[in-house]
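The chain that follows stands alone, in the form predicted on its own, written as structure tokens.
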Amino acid sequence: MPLGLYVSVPFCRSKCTYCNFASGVNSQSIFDRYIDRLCCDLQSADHFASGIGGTFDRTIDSIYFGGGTPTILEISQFERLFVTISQNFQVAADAEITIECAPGTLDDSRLDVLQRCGVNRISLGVQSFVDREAASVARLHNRTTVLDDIRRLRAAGISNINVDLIAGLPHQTSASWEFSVSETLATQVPHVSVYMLEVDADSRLGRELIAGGTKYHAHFVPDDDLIADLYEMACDRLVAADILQYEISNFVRPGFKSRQNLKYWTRQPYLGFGVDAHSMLLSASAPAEAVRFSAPDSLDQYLAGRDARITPVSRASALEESFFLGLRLNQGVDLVEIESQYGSDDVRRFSQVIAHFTHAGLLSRESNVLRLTRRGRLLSNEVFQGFISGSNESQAAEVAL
């Protein structure tokens, strides 16, 4: 089975107030040290995997550079990463190669090197086409910058473009959200990701909201009911424009599903490199089992060579993952297919959970296919928790991507 690669670049020009990722603003003097460590990890991946009982095909059919803002790397650093990948893996001719990009960071020289390295998909962190909303969360771009980037990407031959939007930003209203969704549709991009604002203690805005304060425009964040309405409105508008939902947060025109993300949701093998990067490989000794591991979420610890956190995935845990990851997808979970993999007795132990959420209107069952309902997508975390045994809660947090 072909492998997916994820490369974390945890550097940003500024830290968005809503961001809860392991990224930050750092001096460029540290970039070379980070690239050195990444290349070392790429070169030793085979040895590391065999040492923890994992196995993988060296053929890669998807590469994803996430962050942070990968496009702030220097051209020579990009080139070194791509050379190291090509020297240690077999990149398929039709591989999907994605780079996350903050609008305004794609100058001509970087666009040129991305083309030469085979990048064929760009994910633009737009979040909002309303300049006031973008500025309120420390985004450095405006609407004009986004539209210019999309134009320049298409002129360079890169038409596989994703636009990220966030429902729930400060100052957002139904009217302003309608504008952002309409602007997104007008660009005719083939892929759109719609997220609802996450409120937790891992972001500055989240901490301020929890504390009931007013910094970072926290008192202008829409309430939960409005955020849910905004998400549902976006779903309706996108589907009406034939940009169909295939996962809780992702919408696509035919032929443009994210190959890398599908690996996460369908439990295909992938390797992650860099700060807070996660990996999953099939077990070399038991095909139904797997091994997950993750790099430190601290830049200092990663550069110091701290060991990865390793989590074996038992057959029982793999079954749980098949449910709560598979339910993210609109195609749902085929119970007959899962029974063929794990056995009917093991699947039957979830019958009460399925019945409970079906009765609550969060799951629907058509023949042998189990899916989240429209309301279930809004309360998906509650549903997923029902498929996770208490002993596996910490692991579930790692893989609920």
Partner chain sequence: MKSSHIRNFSVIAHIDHGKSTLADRLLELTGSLTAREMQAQVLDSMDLERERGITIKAHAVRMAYTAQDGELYQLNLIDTPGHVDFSYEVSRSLASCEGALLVVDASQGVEAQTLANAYLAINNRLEIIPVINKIDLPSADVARTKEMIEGAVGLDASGAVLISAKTGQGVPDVLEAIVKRVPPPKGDPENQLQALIFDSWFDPYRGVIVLVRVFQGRLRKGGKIRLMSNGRVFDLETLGVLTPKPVEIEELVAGEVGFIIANIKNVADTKIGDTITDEANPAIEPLPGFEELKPMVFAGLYTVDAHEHTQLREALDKLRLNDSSFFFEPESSTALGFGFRCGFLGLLHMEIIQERLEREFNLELITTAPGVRYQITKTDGQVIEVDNPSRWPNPSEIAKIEEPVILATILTNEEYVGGILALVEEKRGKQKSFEYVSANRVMLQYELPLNEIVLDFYDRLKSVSRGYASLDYHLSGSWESPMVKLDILVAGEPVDALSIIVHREFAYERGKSLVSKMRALIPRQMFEVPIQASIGAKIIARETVAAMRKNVLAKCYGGDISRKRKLLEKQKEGKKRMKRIGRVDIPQEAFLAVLKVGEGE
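This is a predicted model, so every value here is computed, not measured. Residue numbers count along the first chain shown, from 1.
From this point on, the text means the form predicted in complex with its partner chain, which you will not see here.
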{"item": "Options 131 to 139, 72 to 80, 241 to 249, 89 to 97; stretch whose heavy atom lies within 4.5 Å of its partner chain in the model of the complex", "value": "241 to 249"}
{"item": "Its partner chain contact at L362 in the model of the complex, heavy atom, 4.5 Å", "value": "yes"}
{"item": "Contact of E183 with its partner chain in the model of the complex (heavy atom, 4.5 Å)", "value": "no"}
{"item": "Contact flag, H278 vs its partner chain in the model of the complex, heavy atom cut 4.5 Å", "value": "yes"}
{"item": "Its partner chain contact at M196 in the model of the complex, heavy atom, 4.5 Å", "value": "yes"}
{"item": "Full three-residue contact with its partner chain in the model of the complex, heavy atom 4.5 Å, for I227, Y270 and S380", "value": "yes"}
{"item": "The single option of E232, D112, D148, E178 touching its partner chain in the model of the complex, heavy atom within 4.5 Å", "value": "E232"}
{"item": "Sole residue of I161, C117, V291, L325 within 4.5 Å of its partner chain in the model of the complex, by heavy atom", "value": "L325"}
{"item": "Contacts with its partner chain in the model of the complex, stretch 260 to 286 (heavy atom within 4.5 Å)", "value": "N261, Y264, W265, Y270, H278"}
